[in-house]
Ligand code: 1GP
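As structure tokens, one chain now follows by itself in the form predicted alone.
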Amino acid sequence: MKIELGKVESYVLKNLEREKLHFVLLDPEDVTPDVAGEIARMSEEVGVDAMMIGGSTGAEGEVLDGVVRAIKESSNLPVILFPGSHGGISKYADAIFFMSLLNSRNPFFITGSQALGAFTVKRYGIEPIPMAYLVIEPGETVGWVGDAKPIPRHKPKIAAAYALAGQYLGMRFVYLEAGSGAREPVPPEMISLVRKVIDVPLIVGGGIRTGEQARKAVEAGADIIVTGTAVEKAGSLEKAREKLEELNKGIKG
């Protein structure tokens, strides 16, 4: 039986045929719906490809719904949920990264939370996008909340092994995550080795604050760069736009 890809996944894959992509991640705990809407509008204007919504703690319910709806009203970018648990699901989103934290010590974050949220995703008609999620040292909040055993930064082969296992398990994307607000992004050497061994799109996020860091990740082999904290913490909407433009230029040239 042939699996038909959803609209959002097809959109992502089609765009990847011509350029590297930039996704902006917003945490509903850190932005109001009004600010989220403005950031989404600016993101679309500067060439960002999709909005991701989620967080490690508290990003659910009315708070989540409010931010997702504001983004949908302010831009035409697809909204992809990036849930910290089965509670991080909004019926207003277009798609959800249905992800498994493969290097967690706790089975709940590998398959348990996914089972609890599966029927909700189906009931809401949200497009699921299977993804292998790997937390890289230091891991920050997501590493602690997800009870991860962070992959050491100087051990790229471990990351590559997990990534390939994720692909062989049927996951259609791999995400290397250094953690929101990490002092340093995922090392280029790790990105490069993972890219060499997998055949699915590679997403990299965490600690990417400058256009130069984004460029190095792309040159190492990342297909999609996720930024968030640098935009959320810019200090003003004007500075947020400047940061979006800088990051987007680093990714797309």
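Note that the structure is predicted; figures quoted are calculated from it, not measured. Sequential numbering from 1, following the sequence displayed.
In what follows, reference is made to the form predicted in complex with SN-glycerol-1-phosphate, a form of this protein that is not presented.
A.B. asks: So, a 4.5 angstroms cut-off on heavy atom distances: do all three of Phe108, Gly146 and Gly166 pass it with respect to SN-glycerol-1-phosphate in the predicted bound form?
C.D. replies: Negative, none of the three is within 4.5 Å.
A.B. asks: May I ask you to check whether Leu25 falls inside a 4.5 Å heavy atom distance of SN-glycerol-1-phosphate in the predicted bound form?
C.D. replies: Contact with SN-glycerol-1-phosphate, yes.
A.B. asks: Give a yes/no on whether Ala182 approaches SN-glycerol-1-phosphate to within 4.5 Å in the predicted bound form, heavy atoms considered.
C.D. replies: Ala182 belongs to the contact set for SN-glycerol-1-phosphate.
A.B. asks: Can Ile208 be called a contact residue for SN-glycerol-1-phosphate in the predicted bound form at 4.5 Å between heavy atoms?
C.D. replies: It does: once SN-glycerol-1-phosphate is placed as it appears in the predicted bound form, Ile208 has a heavy atom within 4.5 Å of it.
A.B. asks: Val226: heavy atom within 4.5 Å of SN-glycerol-1-phosphate in the predicted bound form?
C.D. replies: Val226: contacts SN-glycerol-1-phosphate in the predicted bound form.
A.B. asks: Quick check for you: of 43-51, 62-70, 213-221, 200-208, which stretch puts a non-hydrogen atom within 4.5 Å of SN-glycerol-1-phosphate in the predicted bound form?
C.D. replies: The contacting stretch is 200-208.
A.B. asks: Can you name the residues of 104-135 that have a heavy atom within 4.5 Å of SN-glycerol-1-phosphate in the predicted bound form?
C.D. replies: Residue within 4.5 Å: Tyr133, and no other.
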